[in-house]
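Quick heads-up: it's one chain on its own, the form predicted alone, in structure tokens.
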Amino acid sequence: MKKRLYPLILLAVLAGFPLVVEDNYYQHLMILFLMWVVIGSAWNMIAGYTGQVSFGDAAFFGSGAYAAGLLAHHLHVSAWWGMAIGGLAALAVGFPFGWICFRLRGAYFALATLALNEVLRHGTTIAESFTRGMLGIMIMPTFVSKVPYYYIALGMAVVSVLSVRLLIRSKPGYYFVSIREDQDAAESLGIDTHFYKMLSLAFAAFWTGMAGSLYMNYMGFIDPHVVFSLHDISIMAILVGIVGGVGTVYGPTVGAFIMVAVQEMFRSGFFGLFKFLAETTGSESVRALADVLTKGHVLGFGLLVVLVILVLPNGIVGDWDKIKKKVFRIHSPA
């Protein structure tokens, strides 16, 4: 009973957050957190439950973002209409890719997803007459306040997590897990593994594309290196899943919160601590260290992942019972 109450309590806290915290900075961080819940849940479906490790989130994210941006740029239609086609645009990219590349397995499929990212990134860079290339696409934000964006992101996050929960408890969900555990055994039982991998990919592509469309509307600017970034999108999605817990419903939610916090901690120089020390002491060494740390989020990500893999190989949610026993000295009933 308690486990069912925790998500409802969290939802209530999130729903009331912008009413209590009116600071734009913290609202911005929470919007990013909710966006990464959507992306992390999508990646978790195809990689965590179906066992198909993917680096293709940037391709789907960028497709959704450009669907909204190009609609506004060429047809002068509100980019919010792009929210309706952002997920479909990502599906249009993912379906032919999956149809061909799901014949590959393991590292070969992962490499194919890397190639998909690069093809789309270079393609949008070269096609300047259509995509504006590196000049990017800029739109005027619809809302001055961040609150509408927050609640839209919250709605997407809730629906994406619930859809993962429902899908995993259905017949396709059991097929996904059987493919992850042993694809050959699943095929021997008559499961159409290619079809169900395509279904898992469709889910991942759709929600990642929706997140990309939201990003276009919220940030108001995109270019190929921003939305098709391997590190900032694809690798980040993987880290969200690994840290939170691969193959768990709420793992991406926990992982998203931690990764956004770590990213912002490095970007802001430990929330302004090193900047304060540099101004207080007047030390050039401290100032130089602050400059290095603000650009060292990759190092922070790497250290965090190594720590999680060594101590909590199943992620925070996956190894929560272990955490309770060792840290809180709480033992689960036998």
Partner chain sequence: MDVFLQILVAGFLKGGLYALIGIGMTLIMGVMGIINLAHGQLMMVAMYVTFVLHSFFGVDPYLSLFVAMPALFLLGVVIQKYLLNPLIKAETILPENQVLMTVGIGMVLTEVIRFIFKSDYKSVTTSYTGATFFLGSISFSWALVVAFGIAVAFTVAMFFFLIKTDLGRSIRATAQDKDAAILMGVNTRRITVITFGLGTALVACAGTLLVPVYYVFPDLGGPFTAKAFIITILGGLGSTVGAIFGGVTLGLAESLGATYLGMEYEDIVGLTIFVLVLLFLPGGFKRLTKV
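Numbering follows the first chain given and starts at 1. Rigid core here is just the name for the largest C-alpha set that superposes within 1.5 Å across the two forms. These numbers were taken from a predicted model, which means no experiment stands behind them.
Heads up, the form predicted together with the partner chain isn't pictured, but that's what we're talking about next.
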Quiz item: Among Val53, Val305 and Asn314, does every residue place a heavy atom within 4.5 Å of the partner chain in the predicted complex?
Solution: yes
Practice problem: Using heavy atoms only and a 4.5 Å cut-off, determine which of Val38, Ala67, Ala47, Ile31 is in contact with the partner chain in the predicted complex. | Solution: Ala47
Quiz item: Since exactly one of Val262, Ala115, Val158, Val77 fits, which has a heavy atom within 4.5 Å of the partner chain in the predicted complex?
Solution: Ala115
Exercise. Would you mind picking out the stretch of 132-140, 105-113, 146-154, 86-94 that comes within 4.5 angstroms of the partner chain in the predicted complex, counting non-hydrogen atoms?
Key: 105-113
Quiz item: Hey, in the predicted complex, is Gly220 touching the partner chain, heavy atoms inside 4.5 Å?
Solution: no
Quiz item: Would Ile238 show up as a contact with the partner chain in the predicted complex if we use heavy atoms at 4.5 Å?
Solution: yes
Quiz item: Though only this chain appears here, would Arg180 touch the partner chain in the predicted complex if you measure heavy atom gaps against 4.5 Å?
Solution: yes
Quiz item: So, in the predicted complex, is Val246 in contact with the partner chain at a 4.5 angstroms heavy atom limit?
Solution: yes
Quiz item: Listed by sequence position, which residues of 119-157 have a non-hydrogen atom within 4.5 angstroms of the partner chain in the predicted complex?
Solution: Val119, His122, Gly123, Ile126
Quiz item: Hey, does Leu29 budge by 2 Å or more at the Cα between this form and the one not shown once the core is superposed?
Solution: no
Quiz item: After a core superposition, would you say Leu70 shifts its C-alpha by at least 2 Å between this form and the one not shown?
Solution: no
Quiz item: Using the core for the fit, does the CA position of Val305 change by 2 Å or more between this form and the one not shown?
Solution: yes
